[in-house]
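Given as structure tokens, the chain that follows is alone and in the form predicted alone.
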Amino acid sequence: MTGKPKIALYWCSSCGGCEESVIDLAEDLLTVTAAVDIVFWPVALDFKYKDVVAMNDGEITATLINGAIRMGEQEHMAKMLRKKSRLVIAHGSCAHLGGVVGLANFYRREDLLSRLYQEVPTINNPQGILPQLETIESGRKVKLPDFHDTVKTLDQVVEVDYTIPGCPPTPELIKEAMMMVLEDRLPPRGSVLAEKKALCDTCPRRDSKPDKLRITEFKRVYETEWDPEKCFLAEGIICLGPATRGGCNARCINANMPCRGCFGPTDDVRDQGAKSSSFLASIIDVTDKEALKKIVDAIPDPGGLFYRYGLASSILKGKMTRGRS
């Protein structure tokens, strides 16, 4: 026993980018690992489930869980790690908001499975077999995780103490969060460990944003040549910076792409999608119904745009269908 704080990391339903964001600490990873004992990180090291189960409740100082909760196994692991940990930190957009994974809530589970396993042109499944909860392998009955009806955020399943936002979070935020834990200088529980103000406050193009924005059409980035020094919204390109928390170092903006909203809403916003659609509606400078319809129709996928990261955490939660709670 070293007496060092014990840290765990776990990957639920996500792309794996948050796991990579830990590696992106580069040489700072050596500083963190020298100060802690990593006791569970299945994607990187050979730890055993049974060893974590055998730990005392609260023995792990902090667990970072990334990914949304889609499967029964993920919910079970989140609850087990919650029990074993003093602090649980939602790591990244999927754990925080549901993420891109949460867009599945626009569809029924049955429709998703049918599409993936029976309908796509590249599938070779002549018997139309769908995933089951049990199967026979080498003569043995094997139980498999269930596929939930809806995608849930981590805090809809277990109590979350802190959140590191982003898709993925920046290495700087991860390092700072870890140092806050190690140095016992964490903010009040429930805090999102990033900027409090919207991205526009620190955007490198903020000085080019006019006091009053007026838009008569929305353009997609490939439809126009834009000034790399000018506010995207002032050029008619949708940018969700006004409805998104800062703290990302404006990575997308600096790469000449508008904000996608991955850091989620600021503390005073309940529904990021509603906030985004509201502020965009407020800057449309037309009154004619036909012209207004043309502008709105220029947004090809409003659900995917406004709720790209936050559908599961929104007021909507997803598409309500008969027989589904």
Partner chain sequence: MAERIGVYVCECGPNIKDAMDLDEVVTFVQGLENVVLTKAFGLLCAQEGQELIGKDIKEHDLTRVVIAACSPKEHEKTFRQCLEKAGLNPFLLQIANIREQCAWVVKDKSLATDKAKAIIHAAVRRVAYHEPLEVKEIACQPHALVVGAGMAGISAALTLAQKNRKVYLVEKLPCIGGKVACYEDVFPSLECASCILDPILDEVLHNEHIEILTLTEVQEVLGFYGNFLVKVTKKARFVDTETCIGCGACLETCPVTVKNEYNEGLDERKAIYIPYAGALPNVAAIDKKHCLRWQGEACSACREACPFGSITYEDTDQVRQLRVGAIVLATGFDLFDPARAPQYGYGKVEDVYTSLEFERLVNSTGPTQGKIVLRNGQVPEKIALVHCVGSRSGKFHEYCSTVCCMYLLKFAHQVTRQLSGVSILGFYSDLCLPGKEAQGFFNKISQEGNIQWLHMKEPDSIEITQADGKTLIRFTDVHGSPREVTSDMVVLAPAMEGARDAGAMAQIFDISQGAGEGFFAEENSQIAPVSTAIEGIFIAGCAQGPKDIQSSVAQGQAAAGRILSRLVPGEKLALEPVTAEVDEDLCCGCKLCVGLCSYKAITCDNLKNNVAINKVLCRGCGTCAAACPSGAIKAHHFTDTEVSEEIRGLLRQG
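Residue numbers count along the first chain shown, from 1. These figures come from a predicted structure and were not determined experimentally.
Although not depicted, the form predicted together with its partner chain is the subject of the following passage.
Worksheet entry | Listed range touching its partner chain, judged in the model of the complex by heavy atoms within 4.5 Å, from 72-80, 92-100, 161-169, 241-249 | Within 4.5 Å of the partner lies stretch 241-249.
Discussion item. In the model of the complex, does K212 come within 4.5 Å of its partner chain, counting heavy atoms only?
Written reply: Yes.
Worksheet entry | Interface membership of T61, its partner chain in the model of the complex, 4.5 Å heavy atom rule | Looking in the model of the complex, residue contacts with its partner chain do not include T61, since no heavy atom lies within 4.5 Å.
Item to complete: Answer with yes or no whether D201 is in contact with its partner chain in the model of the complex, where contact means some heavy atom within 4.5 Å.
Response: Looking in the model of the complex, residue contacts with its partner chain include D201, since a heavy atom lies within 4.5 Å.
Worksheet item: Quick one: is A35 in contact with its partner chain in the model of the complex, heavy atoms, 4.5 Å cut-off?
Response: Although its partner chain is absent here, A35 would stay clear of it in the model of the complex, with no heavy atoms inside 4.5 Å.
Worksheet item: Which residue among R115, R185, K143, K196 has a heavy atom within 4.5 angstroms of its partner chain in the model of the complex?
Response: For this set of options, the contacting one is K196.
Worksheet entry | S282, T31, N56, N256 - the one with a heavy atom within 4.5 Å of its partner chain in the model of the complex | Flagged contact: S282.
Discussion item. When its partner chain is placed as it is in the model of the complex, are H148, K152 and Q156 each within 4.5 Å of it, taking any non-hydrogen atom of the residue?
Written reply: No, none of H148, K152 and Q156 comes within 4.5 Å of its partner chain in the model of the complex.
Discussion item. If you apply a 4.5 angstroms heavy atom cut-off, which residues in 265-280 are near its partner chain in the model of the complex?
Written reply: Residues within 4.5 Å: T266, D268, V269, R270, K275, S278, F279.
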